[in-house]
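In structure tokens, one chain follows: the form predicted alone.
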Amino acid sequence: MEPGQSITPAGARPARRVLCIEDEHFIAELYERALSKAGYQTTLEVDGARGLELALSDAFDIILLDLMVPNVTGIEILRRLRTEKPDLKAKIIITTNLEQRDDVRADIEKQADGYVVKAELTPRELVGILDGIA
């Protein structure tokens, strides 16, 4: 066995890595707790610039991306990931409480792999959504 390699029980999948770019600490902690309990490895980042840097590393399976984060907005992060890293392996799920015009939301949804309104789902429901992502 290689150093740093973990043993996964037969039939179990390795923990999927989630990058949560979210500046609301309470929400980030709720997500982190629920995802960890469900077996996900979670990295939290509150700053958009640092979140973009981490996302570009392509070290994650799923990126939860809030649209309103400081320094670089979620929309800009999404656009840059699609432009600079078109072969990104991570699925990008937009998380927001912002009311979007239909055309703006449609444009965001075309670029992302999912779009959820934070106020409309519990952390447990979020885990269910992520469990359904291949």
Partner chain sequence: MDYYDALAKKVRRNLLITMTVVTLASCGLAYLLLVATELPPFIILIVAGALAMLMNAIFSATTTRWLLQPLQAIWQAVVHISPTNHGEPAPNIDQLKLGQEMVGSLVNQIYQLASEAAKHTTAAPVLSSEYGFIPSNLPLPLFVLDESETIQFANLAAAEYIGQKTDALIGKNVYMVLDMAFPNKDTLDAWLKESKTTVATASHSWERVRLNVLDNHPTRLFDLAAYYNKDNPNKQSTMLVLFDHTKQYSQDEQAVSFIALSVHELRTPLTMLRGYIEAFQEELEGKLDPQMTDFMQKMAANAQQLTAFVNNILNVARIDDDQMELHLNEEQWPTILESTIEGLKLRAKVRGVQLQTTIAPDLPTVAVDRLSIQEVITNLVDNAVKYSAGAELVEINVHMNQEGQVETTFTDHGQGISAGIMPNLFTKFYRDHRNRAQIGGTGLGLYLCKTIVEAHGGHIWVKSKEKEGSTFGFTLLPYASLAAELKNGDNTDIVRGAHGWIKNHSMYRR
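Residue numbers count along the first chain shown, from 1. Since the model is a prediction, treat every value here as computed from it, not as a measurement.
Keep in mind the form predicted together with its partner chain is missing from the figure; the text below concerns it.
**Student:** Does the trio Tyr31, Val117 and Glu125 actually contact its partner chain in the model of the complex, every residue with a heavy atom within 4.5 Å?
**Tutor:** Every residue of the candidate spot has a heavy atom within 4.5 Å of its partner chain in the model of the complex.
**Student:** If the cut-off is 4.5 angstroms on heavy atoms, which of these, Arg50, Arg79, Arg105, Lys85, is the one near its partner chain in the model of the complex?
**Tutor:** It is Arg105 that has a heavy atom within 4.5 Å of the partner.
**Student:** How about Asp113 - does it come within 4.5 Å of its partner chain in the model of the complex, if we only consider non-hydrogen atoms?
**Tutor:** The answer is no: Asp113 has no heavy atom within 4.5 Å of its partner chain.
**Student:** Whether Lys37 contacts its partner chain in the model of the complex should be assessed with a 4.5 Å heavy atom distance threshold; does it?
**Tutor:** Heavy-atom contact with its partner chain at 4.5 Å: present for Lys37.
**Student:** Going by a heavy atom distance of 4.5 Å, is Leu121 a contact of its partner chain in the model of the complex?
**Tutor:** Leu121: contacts its partner chain in the model of the complex.
**Student:** Spell out, yes or no, whether the shortest heavy atom distance between Asn97 and its partner chain in the model of the complex is within 4.5 Å.
**Tutor:** Asn97: contacts its partner chain in the model of the complex.
**Student:** If you look in the model of the complex, which residues in 56-73 sit within 4.5 Å of its partner chain (heavy atoms)?
**Tutor:** Stretch hits: a single one, Met68.
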